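Quick heads-up: it's one chain on its own, the form predicted alone, in structure tokens.
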Amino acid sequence: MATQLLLPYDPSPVTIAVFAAVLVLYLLGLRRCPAATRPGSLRVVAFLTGLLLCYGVMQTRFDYYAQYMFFVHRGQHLVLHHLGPFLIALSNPLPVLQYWRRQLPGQLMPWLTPVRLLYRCLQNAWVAPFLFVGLIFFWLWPPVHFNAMLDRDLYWVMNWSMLVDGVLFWWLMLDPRNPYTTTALGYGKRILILVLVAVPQIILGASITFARQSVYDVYEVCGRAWPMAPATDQLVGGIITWIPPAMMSILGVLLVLRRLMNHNDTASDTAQMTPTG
């Protein structure tokens, strides 16, 4: 029984290959990183936990329940868009990524220019929060959600878009680089963005929670995995859409404030050690 729960409900060779490649590249890069920049055990655990959580909700029996229960589906996207990417970004895999970047042959660098431009566009302080919230609203728009849950290809596009966007957004928010000395987004802007993205998610989750009629009929058409009342399924799904994402924003703000204070303390200590004329 436990083995069946871990096996993919709808096997995706591409998904399995991507997760396996990321895992292998991370472990190899971790092993070959210089000791001075190698991530500590807590950061490694955070990365692996985030990666395994995302894989688990996409390629285990959990995915079956996500397709036939609205509240499980919302839990799936909570992991793909928030919790998993949050842990991955918090682990700061930059030293490992930089190792592999140094291994790329110089001939490939010109070909990476379009990728860099796209990355900068997606990480813009205006674009990133718009996409982060916009994708949630888009995939929960009843007509789009109905089609996504019935069309296998569109379903995978939905899940992968949530995961990729989640990693990009939380990396922008939890970027460990000091914005005073690098091009990283300033701490004030990060805090403002985290507060702003929480508001529409709260409104959306509350509207689903307190809706008097069924909003997502696809789960009635296909049938539910468990004998749960549609109103209860929608109620729990709305709460998952409402409260945990708001808590993630609060946690993000606290982490940004902590880094702000640490960098200010470091700058103050440096100023005190600098001899004056």
Partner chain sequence: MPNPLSLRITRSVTVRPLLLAVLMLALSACSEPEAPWHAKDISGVMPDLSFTLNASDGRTVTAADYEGDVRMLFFGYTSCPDACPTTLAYLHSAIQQVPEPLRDRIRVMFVSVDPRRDTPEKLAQYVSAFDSRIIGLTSDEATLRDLAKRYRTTFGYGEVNADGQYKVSHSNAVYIFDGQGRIKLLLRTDLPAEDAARDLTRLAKAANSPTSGSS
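Just so you know, these numbers come straight off a predicted model, no measurement behind them. Numbering follows the first chain given and starts at 1.
What comes next is about the form predicted in complex with its partner chain, which does not appear here.
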| property | result |
| --- | --- |
| Candidate spot 111, 171 and 186, all three touching its partner chain in the predicted complex (heavy atom, 4.5 Å) | no |
| Contact segment among 235 to 243, 49 to 57, 217 to 225, 248 to 256, judged by heavy atoms lying within 4.5 Å of its partner chain in the predicted complex | 217 to 225 |
| Residue 149 within 4.5 Å of its partner chain in the predicted complex, heavy atoms | yes |
| Touches its partner chain in the predicted complex: residue 130 (any heavy atom, 4.5 Å) | yes |
| Residue contact check: residue 137 to its partner chain in the predicted complex, 4.5 Å heavy atom | yes |
| is_contact(residue 19, its partner chain) in the predicted complex, heavy atom dist at most 4.5 Å | no |
| In the predicted complex, the one of 157, 125, 203, 195 near its partner chain [non-hydrogen atom within 4.5 angstroms] | 203 |
